[in-house]
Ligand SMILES: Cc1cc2nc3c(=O)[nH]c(=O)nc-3n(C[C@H](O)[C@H](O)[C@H](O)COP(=O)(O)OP(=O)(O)OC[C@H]3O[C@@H](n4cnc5c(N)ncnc54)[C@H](O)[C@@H]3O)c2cc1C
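As structure tokens, one chain now follows by itself in the form predicted on its own.
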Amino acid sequence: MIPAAFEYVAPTSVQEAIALLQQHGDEAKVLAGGHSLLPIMKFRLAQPKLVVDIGRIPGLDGIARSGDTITIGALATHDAVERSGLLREHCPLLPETASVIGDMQVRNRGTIGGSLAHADPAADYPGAVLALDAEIVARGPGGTRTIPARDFFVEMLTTALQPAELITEVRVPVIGKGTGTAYVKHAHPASGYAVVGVAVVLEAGGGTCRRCAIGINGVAGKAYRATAVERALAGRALDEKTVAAAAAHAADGVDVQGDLYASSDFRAHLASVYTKRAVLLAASRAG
């Protein structure tokens, strides 16, 4: 389909973009990589009168380390995240996650900030940033603020971003020795989106789980932390039987979604299976 008519503007600074969003309100939409916005415009599920293309704003695509934190610019593409030597060495969960997003064309254009702002429950990054306890930095008319990932995803396609706010960067911790990470997913065969995706950050010692953080996407209306699994693993041996018993709680306390591809029961089963796989993989890497 062809989208409804719209005006297009490409600001050259964050301040200019914010001013445009503030001026036009709900009639404006932000364009970053375009892989979320353009399809829904073509289906006319969104009909903005103004498209604000932030893709030409300089300085929003860098990846840099400062102390124990790595800062990723909102316009960093999935491909840039996947190929970053800094992230591969010090926060490998994000490159692994980026490597299974869509296809090569999507990874070359889609951005980490755009994906997080869209907050599709089947997107891959949300589970990863939750497991990493990442921080999302947003700038708006009131200035700059930092939003913990655990507070960022409100409900389906809804975030804690305020009107006229833009994500400018994502901050993730440097992963220390003795900590393993993993992201595994069951991808929808047509779209590549996660029917179930599980991200794990696990600190181990002597075959025992010292600390574990698990983010799950694709299962509920928003990505969430599998706290029941985290509690079940804390201080326990990381053998297959123990991990399987803990992973059985992967969908506890959430409203599991069902669709034509996967019923809610099947999706809950997949959540347990893939949580077990992700935890065991992270544990094997923690050494």
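Because the structure is a prediction, the values reported are computed rather than measured. The first residue of the shown sequence is 1; numbering continues from there.
The discussion below concerns the form predicted in complex with the named molecule, not included here.
Residues of just one listed stretch (174 to 182, 103 to 111, 85 to 93, 196 to 204) have heavy atoms within 4.5 Å of the named molecule in the predicted bound form: 103 to 111. By the 4.5 Å heavy atom rule, the three marked residues 78, 166 and 192 all count as contacting the named molecule in the predicted bound form.
At a distance threshold of 4.5 angstroms between non-hydrogen atoms, residue 257 is out of contact with the named molecule in the predicted bound form.
Using a 4.5 angstroms threshold between heavy atoms, residue 225 stays clear of the named molecule in the predicted bound form.
The closest non-hydrogen atom of residue 246 lies beyond 4.5 Å of the named molecule in the predicted bound form. A residue is said to contact a partner when one of its heavy atoms sits within 4.5 Å of a partner heavy atom; residue 118 meets this definition for the named molecule in the predicted bound form. Residue 37 is the only one of 232, 37, 238, 70 with a heavy atom lying within 4.5 Å of the named molecule in the predicted bound form. Residue in contact with the named molecule in the predicted bound form (any heavy atom within 4.5 Å), chosen from 220, 262, 63, 31: 31. Along 150 to 164, a single residue, 161, places a heavy atom within 4.5 Å of the named molecule in the predicted bound form.
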